[in-house]
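Quick heads-up: it's one chain on its own, the form predicted on its own, in structure tokens.
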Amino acid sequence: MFEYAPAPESRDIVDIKPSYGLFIDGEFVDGTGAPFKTINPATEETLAEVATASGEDVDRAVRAARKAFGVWSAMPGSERAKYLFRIARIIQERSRELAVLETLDNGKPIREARDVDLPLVAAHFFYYAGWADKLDYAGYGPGPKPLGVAGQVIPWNFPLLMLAWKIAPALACGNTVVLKPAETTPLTALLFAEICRQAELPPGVVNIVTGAGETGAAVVNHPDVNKVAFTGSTEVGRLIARSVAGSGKKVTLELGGKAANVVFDDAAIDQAVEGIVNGIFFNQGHVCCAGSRLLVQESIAEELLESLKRRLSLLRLGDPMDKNTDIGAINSSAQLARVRELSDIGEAEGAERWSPACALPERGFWFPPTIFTGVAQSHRIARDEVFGPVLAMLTFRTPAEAVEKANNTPYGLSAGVWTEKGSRILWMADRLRAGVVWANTFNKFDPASPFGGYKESGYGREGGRHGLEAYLDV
């Protein structure tokens, strides 16, 4: 078999400091909490020591954001747009540096960080820069006003992209921001703080406080925060919804998912297989909208499974800094333990487990791409969000049965439909209770398109014109 020679990306382009402080009021300052270490999940090496923001530090950040709000919100939209365009251009200029740092801190393949994450990050800032002076025409009435200070908490699976989803619309609408990145992936957010200084963004407009759950809770619960935006687990989303209830704060929650990828008997098998692989094994399955449930029409199930196994056997798992790598490292030891636990439960409940022959590196956090067949809807592997490279395969006979099985989940973030019949795509999309339905593709994103879920996948929309509403007093 043809072997790929290693094609490593150099990490020399990134200057990782031994330690990082908090970014408050345009300056890096010490935190008063106990610092923590962020590590490379592919090697377990310590990358840097990062400050922890206490409640006192969060209060300092919110006060800085409140002070800056007066100036930033009064600024003409065309002037705010200049800063956003400048940030977008700097992100493009430093995209290789940002991609390498994202891969080191997160564990995802450099190819994905470089070719997917970074272009989308820049695109979101460009897109919302275009809206900054057109808010009167967004459909929310004349002269829509910003909310004030936005408290934002983002996850570790797409650290920089989730930052862009949150910060770009907030700033375009005239709000100021206090953002807390995930404790396992803080480094690109702190590099973004440097970009804010490089773009000469007024001090206090963007503040970044690092830490774990307690820091996030301090941001969410601060009495002078007007808007809360959270992406993460459904469990934490419930806590946030309860904590802000009755406070008058505007809230958007983008939570978990257990998306169904539905393949009909008239689908192009090879195209569907590529979509299935992209749907669940992209970013090691660390995707809220991952197509983790595969529903295949019974008559083609055997043929599709054989083709899928053949394709998985060609995926390359290993060093995320190698440009040939398809599957990188699991983000943390805690997440690896969860993926292993749910996979073992799937096997114990009677599902059949299969992974391609795959040598796992000795150091780091690794899990091979895995398929479960013989899965029942009652199995936890078909109901719980694994958030790893694990696919549960079920079958169906009729479109009605496909809809019933696809909707048989407490989640409703996304879905995929594979068929050559346009009428069937529309019929399915009308009945699937999912915020996003992809047709003959999966995991396609555009800053002009809204994204969000139903049921326990949260509420509110990010992206597009709809994403402005969450940051306007309408």
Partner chain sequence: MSKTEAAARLAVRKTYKLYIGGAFPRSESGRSYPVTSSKGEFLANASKASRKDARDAVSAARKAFGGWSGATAYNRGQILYRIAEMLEGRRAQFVAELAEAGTKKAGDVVDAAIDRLVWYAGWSDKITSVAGAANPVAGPYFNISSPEPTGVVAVIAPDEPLLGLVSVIAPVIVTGNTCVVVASERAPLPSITLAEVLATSDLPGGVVNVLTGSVKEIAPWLAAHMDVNAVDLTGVADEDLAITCEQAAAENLKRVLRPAAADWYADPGLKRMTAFLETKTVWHPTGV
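Not measured: the values here are computed from a predicted model. Residue numbers count along the first chain shown, from 1.
Absent from the display: the form predicted in complex with the partner chain. The rest refers to it.
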Which one of K67, R433, K405, R424 is close to the partner chain in the predicted complex, taking close to mean a heavy atom within 4.5 Å?
R433
Of P142, P76, P223, G246, which residue is found within 4.5 angstroms of the partner chain in the predicted complex when only non-hydrogen atoms are counted?
G246
For the three residues P369, R380 and D384, verify that every one has a non-hydrogen atom within 4.5 Å of the partner chain in the predicted complex; reply yes or no.
no
Can you tell me which of 52 to 60, 25 to 33, 39 to 47, 445 to 453 lies within 4.5 Å of the partner chain in the predicted complex, counting heavy atoms only?
445 to 453
If we define contact as a non-hydrogen atom of the residue within 4.5 angstroms of the partner, is L253 a contact of the partner chain in the predicted complex?
yes
Would G237 sit within 4.5 Å of the partner chain in the predicted complex, counting heavy atoms only?
yes
Does R363 make contact with the partner chain in the predicted complex, using a 4.5 Å heavy atom cut-off?
no
Should I345 be classed as touching the partner chain in the predicted complex when contacts are defined as heavy atoms within 4.5 Å?
no
Using the arrangement in the predicted complex, list in sequence order the residues of 450 to 472 with any heavy atom within 4.5 angstroms of the partner chain.
P450, G453, Y454, K455, E456, G458, Y459, R461, R465, H466, E469
